[in-house]
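The chain below stands alone, shown as structure tokens; this is the form predicted on its own.
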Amino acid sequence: MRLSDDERAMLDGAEGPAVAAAMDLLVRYGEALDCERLCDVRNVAGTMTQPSPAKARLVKEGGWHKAFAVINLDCDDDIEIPDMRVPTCQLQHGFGPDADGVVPYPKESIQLQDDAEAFYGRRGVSILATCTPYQVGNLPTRGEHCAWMESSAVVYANSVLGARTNCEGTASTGAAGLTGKIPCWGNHLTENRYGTHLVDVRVPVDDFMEWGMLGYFVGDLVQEARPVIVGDIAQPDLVDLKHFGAAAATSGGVELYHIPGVTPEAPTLEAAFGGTPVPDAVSYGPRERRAVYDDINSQGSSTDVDFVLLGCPHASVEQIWRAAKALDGRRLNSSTQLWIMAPRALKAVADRSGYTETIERAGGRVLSDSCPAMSRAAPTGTRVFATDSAKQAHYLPAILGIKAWFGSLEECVDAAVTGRWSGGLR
């Protein structure tokens, strides 16, 4: 790799052993990718504070400095971790104090995480604790190079915001926070950001559920390529694009998509493909829509629902408000629990707006910081759950061994109230 003078100085130890270890990791990473140089980044979103048995052991052996060196820098040396060099945030992690007594989750993990938040907060890590940092103030600008983790956050940053990031890992984001550098390859390069596939939508896609189904179809179709979406689609909002991207990154590995006239790098269809010939379109029509719905719901058999999960990716205030309206004056089935996952900052807004009170009066909960997939925790005894998230319907059966139903928010709320699934494709 070609290193600049400041990069070479960091590698040689001019800024201390932790920064040198971080730069060594980035050089090894870049060389494995056959990458020629590093990018300057000023926006890092990674994971440092989430608890695990390995982390607990490392903290006991040598404190949080040791845990960061081993897990976030791939370094076994006894080094002290300095402040982050560039703005860095913590994505979602384990459940926090508001889950104590609600979620079957160890109190020791909550305490370990509290200790981690104090350690990393003093070193310049903003504890946003959400998979949707863009909902709570972390909004990179168009063209800005970033180092982000979390598939749904990455696809949103690239596609909706026009920022530039690959789907990074725990170690590469840890190193980026200390150096302000990341290998310059993949989505950082303009030539790798043009569309590869054209999808023509021939059924109306005009609500949250439909955007999720379309995303699941597109991800399965293109895998890690870059789809361009045209056709019978309504003007999407933040929530629709959040849901679409998360689903596309789940059934495939989509990190970047274009919607001409909506996403910033695609003012026109021609611009989305960078002036190259536009490929033949793949249709998404009634038959494909039905097949996607049946595929997502193929896990379900029993219509008895023990658990309802909303907010994946983490819910917006609008989604919490919609859930509160659907629950107002109603009461959950005695055998069914409802959790709504949200960023802690937005839960505070929901609390002040009265939405949380309405949800809790019905028997539901608004929880922050994590999700059942991240923390591998659902209500004890759960066999069947319902969700409005194609992502969670895809992952939780494999992670927790429970069955899934996928539908609209209103269908999920009805399932929480009745204890039974009665949703279906309209």
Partner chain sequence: MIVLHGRKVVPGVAEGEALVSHETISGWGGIDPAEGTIIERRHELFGVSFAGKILVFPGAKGSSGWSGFFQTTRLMGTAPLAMVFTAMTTKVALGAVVTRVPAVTDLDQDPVEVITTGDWVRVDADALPRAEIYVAGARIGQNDPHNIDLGAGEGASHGASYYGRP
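Here the structure is a predicted model, which is why all the values come from computation and not from measurement. Residue numbers count along the first chain shown, from 1.
What comes next is about the form predicted together with its partner chain, which is not displayed.
Only one segment in the set 344-352, 161-169, 279-287, 194-202 has any non-hydrogen atom within 4.5 angstroms of its partner chain in the predicted complex, and it is 161-169. Contact annotation for the candidate site: 63, 66 and 381 all lie away from its partner chain in the predicted complex (no heavy atom within 4.5 Å). Note on the partner interface in the predicted complex: the residue among 37, 28, 365, 42 having a heavy atom within 4.5 angstroms of its partner chain is 28. Proximity of residue 108 to its partner chain in the predicted complex: non-hydrogen atoms within 4.5 Å are absent; the residue sits far from the partner.
Residue 273 falls outside the set of residues with a heavy atom inside 4.5 Å of its partner chain in the predicted complex. Residue contact with its partner chain in the predicted complex: residue 120 places no heavy atom within 4.5 Å of it. At the 4.5 Å threshold, heavy atoms of residue 377 stay clear of its partner chain in the predicted complex, well away from it. Residue 185 is the sole member of 182-216 found to place a heavy atom within 4.5 Å of its partner chain in the predicted complex.
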